[in-house]
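Encoded as structure tokens, the following chain is the form predicted on its own, with no partner shown.
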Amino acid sequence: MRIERVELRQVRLPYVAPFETSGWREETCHAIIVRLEADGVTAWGESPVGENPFYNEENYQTAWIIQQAYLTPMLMAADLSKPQEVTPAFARVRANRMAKSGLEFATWDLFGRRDGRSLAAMLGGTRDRVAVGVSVGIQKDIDTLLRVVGDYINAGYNRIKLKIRPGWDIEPTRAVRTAWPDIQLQVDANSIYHLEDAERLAQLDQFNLLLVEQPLGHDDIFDHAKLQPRLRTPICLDESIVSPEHARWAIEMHACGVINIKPSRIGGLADSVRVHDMAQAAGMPVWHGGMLETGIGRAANVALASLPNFKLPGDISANARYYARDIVRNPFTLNADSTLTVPTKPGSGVIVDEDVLDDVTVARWEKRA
């Protein structure tokens, strides 16, 4: 298959509420939406890059340039027989994984729509529903936190993740655990702590957490291997796992007990499946993180999370968690058992609302063969 047309769009889509972590605050989606055309088929992908390079080294400006100047020409030069061939086609471009992922996602969607196969089936999914939870950003005070968490629990979410940072960690976690003794609970530090904080982090053991996510440096595996034996709670690595090789190092060094897979952080679905399979062979569970994707990226996430080693609820959530008006006509809604239903239509199954997409597009670029 030869890609005949690539269209890129920068969008600005407001979140229903600001989302704050230990290192940044975001109020608006700055994703790049990818549209591919070939063999009479239209397909969609998403690079869920942020406004600033605070989660990883990318933002919407860097991804926009890299996709236009390098990745699109590479993709259009390739004669693809399967979507897994996109990853080696991009190999000369180092890092820039979110930029790569949007084009790679769209290629999987293209093959699926052309061949009449769902993305979940193409990836090896085994479930028709995937368990999900919700990620709760840092709030102004504990009373507000308890109200926000309570609203999500009342909405049907059975797993809560709290963003933490020094000074907003032990007591907020204690308050939530006290209020809901049986809820599945985990915390995410987004790389804000240091190995010297091990004693403080160990205090989180008392709250019966599923995991502590990425407490140390965003590019660290070595110090996490030192920290894990000092905690009873499993460490989950997120930002540190940017490739199958990084996953192998973490597994061999016993740096964590769980891996968070975000395909946009890893560079695409093909390498995400490799990380999944590697962790499964090692007996280590994985779960699916989220990057506040629109409905396009969310559909790819749900399909990937249907693979068998996704043992813990993901951060995928229903579309309404983030957007009052998404850019898709078939948003995900939360089932009564805190799951999302895996699409079975060809490709990702997403139906893009092109009128809404036009409304939120702030820049557009295309290349034809």
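We number the residues from 1 along the sequence you see. Note that the coordinates shown come from a computational prediction; the quantities given were computed from them, not determined experimentally.
FYI, the form predicted together with 2-succinylbenzoate isn't displayed, but the following is about it.
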If you check 228, 118, 190, 72 against 2-succinylbenzoate in the predicted complex, which one has a heavy atom within 4.5 Å? 190
Is residue 238 close enough to 2-succinylbenzoate in the predicted complex to count, meaning some heavy atom within 4.5 Å? yes
Touches 2-succinylbenzoate in the predicted complex: residue 262 (any heavy atom, 4.5 Å): yes
Any of the heavy atoms of residue 55 lying within 4.5 Å of 2-succinylbenzoate in the predicted complex? yes
With a cut-off of 4.5 Å between heavy atoms, is residue 135 one of the residues that contacts 2-succinylbenzoate in the predicted complex? yes
Can you tell me which of 195 to 203, 244 to 252, 274 to 282, 289 to 297 lies within 4.5 Å of 2-succinylbenzoate in the predicted complex, counting heavy atoms only? 289 to 297
Sequence-ordered list of residues in 138 to 170 near 2-succinylbenzoate in the predicted complex, where near means a heavy atom within 4.5 Å: 161, 163
